[in-house]
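One chain follows as structure tokens, the form predicted alone.
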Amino acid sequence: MHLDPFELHRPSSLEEALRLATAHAGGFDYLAGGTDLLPNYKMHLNLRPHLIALDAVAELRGRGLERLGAMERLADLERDTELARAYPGFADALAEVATPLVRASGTLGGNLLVETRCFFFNQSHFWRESLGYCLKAEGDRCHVVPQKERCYATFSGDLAPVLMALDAEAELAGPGGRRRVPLGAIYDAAGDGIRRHRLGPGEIVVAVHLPAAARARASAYLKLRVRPSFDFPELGAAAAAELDGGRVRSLAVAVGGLETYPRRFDELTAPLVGEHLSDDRLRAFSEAVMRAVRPVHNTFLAPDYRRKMTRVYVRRAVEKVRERSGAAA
């Protein structure tokens, strides 16, 4: 495998990066850590003639308990003991991303916007050519659910579910200005594996902001994958809660690795607020989450198995939160 020619741009400011994005609209990718993008380029997946590297943009860096720059390296975040104490679920998720070597290069923003994955997309050009390509790259139909309108490639980041459960916000900058939105709002639940974001043309994730209230919540993240040392999630389950003697003051649960976007289940957690989080209530809740998800056969593990394991991993994540909060069952 090799990289085809492209022009590399290295802006030193956010404004310069946005100007380059406007100048090369439709023909560029932003380059963060490159741990996913560059391997895809080597596989000849959706190449662009221009790469805009963000490593020299100082405004995208910096970390604290309330703001995490999008270009912060995962390994640096993982080593931050203050962050781990404040957000143990976020520390769980960081430790589960790929390998230490990948985390040394990979970034927070890169993991939030990681390319969706699928059996039929993440293959060599020779393999894809022999099959006839797919809707996500060079072809005109989906091989997972054969049709020509929707791509079923799966969201495969680890950090989004737990940050969504902690009520994080994304700070975005684009040619049209700046905005802050709930982190979950950058993902398009009505889209698909190709149209997966609600970012405007050229928009950059500048930082992630965490509310002070998130530090009062216990949190946890659990990941199902074939090879624990490396693989993308087949399922990622995150929970964050504030409990008072086992009674729920707040609870948020989100999952990734199952559908085209990470998904939070407020409609299922809302009825638990004010209730005692007993084992029976937790089992019923986990069953409800399992019934709500719709994985398809585009990863290593069978969709029915991933769906059933959703019940197990959601229950275990909430149990871990309960244990970390010191609340009784």
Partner chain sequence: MGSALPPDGFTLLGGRIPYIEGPLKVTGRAEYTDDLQRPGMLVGRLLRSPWAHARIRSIDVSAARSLPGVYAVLTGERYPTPFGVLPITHDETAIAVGKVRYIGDILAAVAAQDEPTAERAIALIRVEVEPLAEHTDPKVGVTPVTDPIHDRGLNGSNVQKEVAQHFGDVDAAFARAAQTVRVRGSFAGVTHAFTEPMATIAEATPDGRLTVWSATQVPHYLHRALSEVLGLPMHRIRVIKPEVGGGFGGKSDPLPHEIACAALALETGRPVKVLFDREDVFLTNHGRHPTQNDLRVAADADGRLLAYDLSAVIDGGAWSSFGTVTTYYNGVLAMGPYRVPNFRYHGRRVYTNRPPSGAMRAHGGTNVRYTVEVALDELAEKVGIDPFELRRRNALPPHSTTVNQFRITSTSFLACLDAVRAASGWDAAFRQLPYGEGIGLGCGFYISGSNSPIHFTPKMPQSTVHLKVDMDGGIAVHSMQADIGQGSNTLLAAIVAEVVGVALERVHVIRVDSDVSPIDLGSYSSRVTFMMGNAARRAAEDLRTRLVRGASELLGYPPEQIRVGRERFEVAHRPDVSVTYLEALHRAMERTGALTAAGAYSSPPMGGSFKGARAGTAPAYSFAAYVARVRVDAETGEYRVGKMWAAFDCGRPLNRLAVEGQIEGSIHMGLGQLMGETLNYRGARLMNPSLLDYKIPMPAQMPEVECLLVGEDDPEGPFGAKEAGEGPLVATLPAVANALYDAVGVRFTDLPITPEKVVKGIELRQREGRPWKGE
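These numbers were taken from a predicted model, which means no experiment stands behind them. Residue numbers count along the first chain shown, from 1.
The form predicted in complex with its partner chain is left out here; the points below concern that form.
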- Message: residue 148 versus its partner chain, in the model of the complex: is there a non-hydrogen atom within 4.5 Å?
- Response: no
- Answer yes if any heavy atom of residue 276 is within 4.5 Å of a heavy atom of its partner chain in the model of the complex; otherwise answer no. no
- May I ask you to check whether residue 116 falls inside a 4.5 Å heavy atom distance of its partner chain in the model of the complex? no
- Item | residue 291: touches its partner chain in the model of the complex, heavy atom cutoff 4.5 angstroms | no
- Task: Work out which of the listed stretches, 182-190, 162-170, 124-132, 213-221, brings a heavy atom within 4.5 angstroms of its partner chain in the model of the complex.
- Result: 124-132
- Task: For the heavy atom contacts within 4.5 Å of its partner chain in the model of the complex, list the residues of 218-238 involved, in sequence order.
- Result: 224, 225, 226, 227, 228, 229, 230, 231, 232
